[in-house]
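Heads up, the chain below is alone and in the form predicted on its own; it's given as structure tokens.
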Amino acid sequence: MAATQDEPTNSRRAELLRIAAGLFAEKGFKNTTVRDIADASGIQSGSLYHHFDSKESMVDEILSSFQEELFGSYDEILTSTDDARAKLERAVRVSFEAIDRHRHEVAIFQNEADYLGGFDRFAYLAERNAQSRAVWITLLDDGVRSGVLRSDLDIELTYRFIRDTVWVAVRWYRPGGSLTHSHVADQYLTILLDGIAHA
């Protein structure tokens, strides 16, 4: 019976987080007030505090939940029996899927990680950055070692290229548009792995 009673509360919390994520992504975390979130949710500011003690708690839950899901997917790829190229392709696709499904969360992380990282409660963001780098470096190292990727590849530079070109897509990609995340991933992988010039 308790679980059933909790469902409306959990659903409301999820809805409030969805609204807050949209505002944080659009206006910026610092420029979004509790009143903004409450107004967009159709409730009084005081009512918001029945669910969250601060907007910091809200962005913390938004980012930590999203990153837990993303890095869970990366871990599955790293531990899979796929070959090095397939793992790299899967990681790119998972990243674009994340942009499609969690556009606001990705935008918040891209725009606010440096600012939020200055607070102790968000120290994990730097750890996630380091973890992300480790994932891609591992995939690229495996690709070179297995012969899938060129032996003269600058691993660090390639990692930065992939990171910047994939995640910056959150600035222009729109879910439900003419380009699906799968199509964008296909094109990026073609450019990344096959180049754009005639052989």
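Values in this document were obtained by computation on a predicted structure and should not be read as measured data. All residue numbers are counted from 1 along the displayed sequence.
Keep in mind that the form predicted together with another copy of the chain is not shown, yet the notes after this line are about it.
Engineer: Does residue 10 reach another copy of the chain in the model of the complex if we count a contact as any heavy atom within 4.5 Å?
Structural biologist: Judged by the heavy-atom cut-off of 4.5 Å, residue 10 is well away from another copy of the chain in the model of the complex.
Engineer: Contact with another copy of the chain in the model of the complex for residue 85, defined as at least one heavy atom pair within 4.5 Å: yes or no?
Structural biologist: Residue 85: contacts another copy of the chain in the model of the complex.
Engineer: Can you tell me if residue 18 lies within 4.5 angstroms of another copy of the chain in the model of the complex, counting non-hydrogen atoms only?
Structural biologist: It does not: once another copy of the chain is placed as it appears in the model of the complex, residue 18 has no heavy atom within 4.5 Å of it.
Engineer: Check whether residue 110 has any heavy atom within 4.5 Å of a heavy atom of another copy of the chain in the model of the complex, and answer yes or no.
Structural biologist: Residue 110 belongs to the contact set for another copy of the chain.
Engineer: Given that another copy of the chain is left out here, which of 54, 47, 65, 31 has a heavy atom within 4.5 Å of it in the model of the complex?
Structural biologist: Exactly one residue meets the criterion: 31.
Engineer: Quick one: from 150, 145, 133, 35, grab the residue that has a heavy atom within 4.5 Å of another copy of the chain in the model of the complex.
Structural biologist: Comparing distances to another copy of the chain in the model of the complex, the residue within 4.5 Å is 150.
Engineer: Spell it out for me: taking another copy of the chain in the model of the complex, does every residue among 43, 94 and 124 have a heavy atom no farther than 4.5 Å from it?
Structural biologist: Per the other structure, none of 43, 94 and 124 touch another copy of the chain.
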